[in-house]
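Below, in structure tokens: the form predicted alone, a single chain.
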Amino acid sequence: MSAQPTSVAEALRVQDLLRPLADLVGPGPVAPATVAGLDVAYAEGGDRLAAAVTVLDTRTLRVVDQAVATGRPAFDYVPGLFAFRELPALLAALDRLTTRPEVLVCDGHGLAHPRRFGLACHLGVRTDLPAIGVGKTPLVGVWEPPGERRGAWSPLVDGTETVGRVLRTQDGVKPVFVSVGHRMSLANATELVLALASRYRLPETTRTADRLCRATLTGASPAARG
């Protein structure tokens, strides 16, 4: 199931075929040595993208490997099928790494998705690597605001199902939305995101990948962007 779908019907069929393959229990690695951040930036006009992967040493949060793939969105913008736009470029970037990361941290969602198969699930199943999603805003669900202190969380619930956690990564800042993608438990995903977000709201995996893909589009040095 590696061919890129060319229609909405085909994409829905791919999701339906792959969804049962996602391991939403894990528990996954408790203390991974390396973790990858994945993010995609679009050029003005949206006709070109850069997909970046940065691999961090989880002890120091320093980047130890990175790769970028550029191209065009591989699928039209369709709610619930957004992963198909970015997946080919992200997989190409992952293939260019010299270090195989132990966990993928996606700028997006996993189970917390209208069809219960967001980008983190899709990438996890395709690579068979443990994967989690960390979203800045929710796609689905209702929640109570978590406590104001770092580490506080509340369940993200869609219907009768808990699909993620609303996690406060820094005192008094907006929370992030954590969900399981593949081969990770929600508890381990939450602890990993906290460890990766030691100074800022977003985990360093997301911050470094964001800088790299944006710098690629502008031709700037990622370090120069701060």
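Because the structure is predicted, anything quoted here is derived from the model rather than measured. Start at 1 and count along the sequence shown; that's the residue number.
Note that the form predicted together with the DNA isn't included here; everything after this is about it.
Enquirer: Using the partner position in the predicted complex, report whether residue 67 sits within 4.5 Å of the DNA, counting heavy atoms only.
Expert: Residue 67: no, not in contact with the DNA in the predicted complex.
Enquirer: Considering only heavy atoms, tell me if residue 83 and the DNA come within 4.5 Å of each other in the predicted complex.
Expert: Contact check for residue 83: yes, within 4.5 Å of the DNA in the predicted complex.
Enquirer: May I ask you to check whether residue 214 falls inside a 4.5 Å heavy atom distance of the DNA in the predicted complex?
Expert: Residue 214: contacts the DNA in the predicted complex.
Enquirer: Look up in the predicted complex whether residue 119 has a non-hydrogen atom within 4.5 angstroms of the DNA, and give yes or no.
Expert: Residue 119 belongs to the contact set for the DNA.
Enquirer: Specify the contacting stretch among 87-95, 150-158, 123-131, 137-145, defined as having any heavy atom within 4.5 Å of the DNA in the predicted complex.
Expert: It is the stretch 137-145.
Enquirer: Scan 21-57 and write down, in order along the chain, each residue with a heavy atom lying within 4.5 Å of the DNA in the predicted complex.
Expert: Contacting residues: 39, 40, 41, 42, 44.
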